[in-house]
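Form predicted on its own, single chain, as structure tokens, below.
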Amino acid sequence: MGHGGNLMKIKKDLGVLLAVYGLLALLPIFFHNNMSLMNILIISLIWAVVAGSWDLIMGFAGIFTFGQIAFLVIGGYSSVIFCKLFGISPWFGFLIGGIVAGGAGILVGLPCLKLKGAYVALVTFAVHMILEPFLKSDIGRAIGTGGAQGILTVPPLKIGSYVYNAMEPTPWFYTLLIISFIAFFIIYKVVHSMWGYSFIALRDSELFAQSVGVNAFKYKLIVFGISAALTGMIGGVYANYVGMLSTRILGLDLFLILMVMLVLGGMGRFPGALLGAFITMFISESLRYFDTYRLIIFGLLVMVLVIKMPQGIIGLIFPLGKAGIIERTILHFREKKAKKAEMIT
């Protein structure tokens, strides 16, 4: 695959992203009076950002981390607590939630740098498990988490004199559409940058990546920070939309649903997580009639998808073998080394 093929891949990814968001932007014109459907669309946009951020670190960087929901909760609680303590606008609270979660991501990433595979998954899942008792503890209550009860009142989101409310979902939808598009555009730019190629190189062959000058320590911390920051930011938005926060979000059901989104969309296939989020949410809503069997069905769905559709929905539309990914990555670093040699001479 030459430089032209690589450029076509970049343009194709952006084209798919713009096409999906263009279609989504039209939906409220036809369904703005359908409160149930609008709520599903809004929640889908929120979970799409979480899934896309998780895909950045797990699908593209190949780091199997299970702490993504923890960063969502950290960002959500941080955003609301700062807004309440200092009376700042939730718009700034979202940014603070992203910064705090990003910092937490880097701290969690540090002990994971010398670990691989299942050990990284265990460490990050331990953070997930520890977070709930911490938020419910005396220390948690002291910093404003509300303990076991959670945070029951969240400062409302405003634009000028207009106050967002659940009875008018269209403003929420377009706000989430813009925020989620910014998040996915950031992911797109990262994936198709020096950082993204470094992530893929480390995923496919860490020895090869280091041989061409990729600093594993640096880039692993970068991907932990970016992934956690985007997740924490959307955590603040989630808290504001729902109007409350509790540790129930740390349950297994959301974790499993997000995993389905990744597998269904296509891990490491931009913007598969976006498509996977919407398809999964509509499947989830249709399975609510099965009550307690819902998670069992989801678990079976993950197994079938991994076996039958290893590249997800995006893989069906745009097939790409692993050899193609590795070839593109090697080509990028070869071009980079050639440019350095030309500058020296």
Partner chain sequence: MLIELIDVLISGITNGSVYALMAIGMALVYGVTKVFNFAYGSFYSMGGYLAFTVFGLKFGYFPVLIIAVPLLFLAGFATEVILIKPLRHRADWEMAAVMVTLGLAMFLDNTFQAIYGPFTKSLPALFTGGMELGPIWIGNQNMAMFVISIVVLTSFMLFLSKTRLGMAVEAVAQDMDGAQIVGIPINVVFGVTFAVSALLAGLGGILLAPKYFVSPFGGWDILVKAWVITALGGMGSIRGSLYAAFILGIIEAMVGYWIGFTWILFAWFAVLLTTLIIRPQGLFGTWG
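Keep in mind the model is a prediction, meaning the values are calculated, not measured. Residue numbers count along the first chain shown, from 1. For clarity, a rigid core is taken as the largest C-alpha set superposing within 1.5 Å between two forms.
If you look for the form predicted together with its partner chain, you will not find it shown, but the lines that follow are about it.
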With the partner absent here, would 82, 86 and 190 each sit within 4.5 Å of its partner chain in the predicted bound form, counting heavy atoms only?
no
From the candidate stretches 228-236, 255-263, 178-186, 97-105, select the single one in contact with its partner chain in the predicted bound form, where contact means a heavy atom within 4.5 Å.
255-263
How about residue 115 - does it come within 4.5 Å of its partner chain in the predicted bound form, if we only consider non-hydrogen atoms?
yes
Whether residue 130 contacts its partner chain in the predicted bound form should be assessed with a 4.5 Å heavy atom distance threshold; does it?
yes
Using heavy atoms and a 4.5 Å limit, would one call residue 159 a contact residue for its partner chain in the predicted bound form?
no
Residue 163 near its partner chain in the predicted bound form, any heavy atom under 4.5 Å?
no
Using a 4.5 Å cut-off on any heavy atom, which residues of 277-300 would contact its partner chain in the predicted bound form?
292, 293, 295, 296, 298, 299, 300
Honestly, after the rigid core fit, is residue 307 moving at least 2 Å at Cα between the shown form and the other one?
no
After fitting the core, residue 298 CA displacement of 2 Å or more between the shown form and the other one:
yes
